[in-house]
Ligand SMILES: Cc1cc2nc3c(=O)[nH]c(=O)nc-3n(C[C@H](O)[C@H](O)[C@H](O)COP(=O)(O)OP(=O)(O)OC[C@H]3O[C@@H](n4cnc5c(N)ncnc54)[C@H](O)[C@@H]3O)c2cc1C
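Just one chain is shown here, as structure tokens, and it is the form predicted on its own.
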């Protein structure tokens, strides 16, 4: 058993910043990560980091742009906290050595991004995330923070109180990929989940293969609600063959979108008469697919993104990496010809419900970054707001978990925040079916349990006893997967990815969402019969992927249930049957809680007022 004050699960941008913050408070902190830190998906972020740094800009303008971008589904306390903290975080990483692109006078460069009223996006060429990741990893090494590299966390050690808000997280269980050992990590003060996105629930995604929704699924099964899971961002500029991202920085520098008739359709067809290509991502993605569906797409699949007019010098200075991506994956020279692009799954606005300090309703359990939902992004994330989110809320979670005295959160978490029950009627019963479990359906997955399936004396269980029990459970589960005969997980995963891409994409219909839920139910039933063909104990990627597929199933079902429940058109969520934003009914968060293995749908209010200001929903146009 490994013991630390704070355990951070995941070592991308949010995890690294959380670990540094906990270390700043004097905590004994460790990072437990299934990837080496500099291989984390934060490194693929290209565009930039938004912060109000210059004269003429201020945090209130940034906050307003973010709230408007969220289509008024973001929570004001989170948005205002974020906009106020972002400048300090950007200055901090610059002092740590972040190699920002600069103007001739030495100032950090800032460029326009979609949905922003001021050019406030700082950047480092088209490799901002890569440089951010390395800058913070240097700090981790400098501080001597322990990194358990290539340890895959598979479960949380959580007490099994009936009420999730009375539960406590005492640590996590991880599988060491190099040896096959399953061991416990005791967190004396807190566990911070920073596991990134869930893009592998789709088959056309900008996300890395490792982005399988691990943190979301583990927290969900432990009793933490998931929030606004239907809000999935489809980035408008991904390469058709692979889903590789083409940065919004191309459009920020002046790149132009054309259809097959060489029309600049964002203006000529009235999708965004003021901002054109720099409208928010949901608007541009819908515009592109509308053009394709109207027969004006190139090869009936994509549109062109042209940056040739920017000139070779400017492209090589600010967007050189984009040239390499287009050449390597599409065989296109961006200096001489347009690049083919189409929408692809990119980001999850929803996730693990937290407050402004990163804390969940389970004591001792935190989340930050894309796996969390604070809710900063609401129904649509603005480009350039993801990386400062990692910094701001990663830092806040790390400080709070390590015991720093912080302002009491305004955002309430857990079922006690419920304002009304949900009434969705899915075509099939959702919920728990899994492979490799020795105990069957669970209440608090990872909690100490008695023969009656629930401990009456849960409050009396010692922290290490809860962790030791969870370790035993995981060892049994993994052994059963290795010893069983059955189908390969890849058959199940591909079925999930195909139905999600087909039925839960940019344009959504009730019939299609119901089809997806039926497909997901069949996938769950098939998952009962999965087995791992590779019997080895070292670097068994088949086993890792089998465990990940369970998480993909959980998050895919949550996305689809939320999409079926929300009967309106808001931000990234477009419903064929409901072609307008319905503020009177739907300025509320879609919540899913899992306790006895059956998802419970309910709602909680959106907070449009913080201690600093109040927002009034307005028509959202660009």
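All of these numbers come straight from a predicted model, not from anything done at the bench. Positions refer to the first chain, counted from 1.
One more form of this protein should be noted, the form predicted in complex with this ligand, which is absent from this view; the next part is about it.
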| property | result |
| --- | --- |
| Interface segment, criterion being heavy atoms within 4.5 Å of this ligand in the predicted complex, picked from 291 to 299, 509 to 517, 137 to 145, 345 to 353 | 345 to 353 |
| Partner proximity in the predicted complex: residue 226 to this ligand, non-hydrogen atom cutoff 4.5 Å | no |
| Touches this ligand in the predicted complex: residue 398 (any heavy atom, 4.5 Å) | no |
| Any non-hydrogen atom of residue 390 within 4.5 angstroms of this ligand in the predicted complex | yes |
| Residue 587 within 4.5 Å of this ligand in the predicted complex, heavy atoms | no |
| Position in contact with this ligand when the complex is considered in the predicted complex, options 489, 167, 381, 251, heavy atoms within 4.5 Å | 381 |
| One residue of 570, 34, 62, 566 in contact with this ligand, assessed in the predicted complex (non-hydrogen atom, 4.5 angstroms) | 34 |
| Candidate spot 80, 116 and 276, all three touching this ligand in the predicted complex (heavy atom, 4.5 Å) | no |
| Within 29 to 56, the residues that have a heavy atom no more than 4.5 Å from this ligand in the predicted complex | 32, 33, 34, 35, 40, 41, 42, 44, 45, 46, 47, 48 |
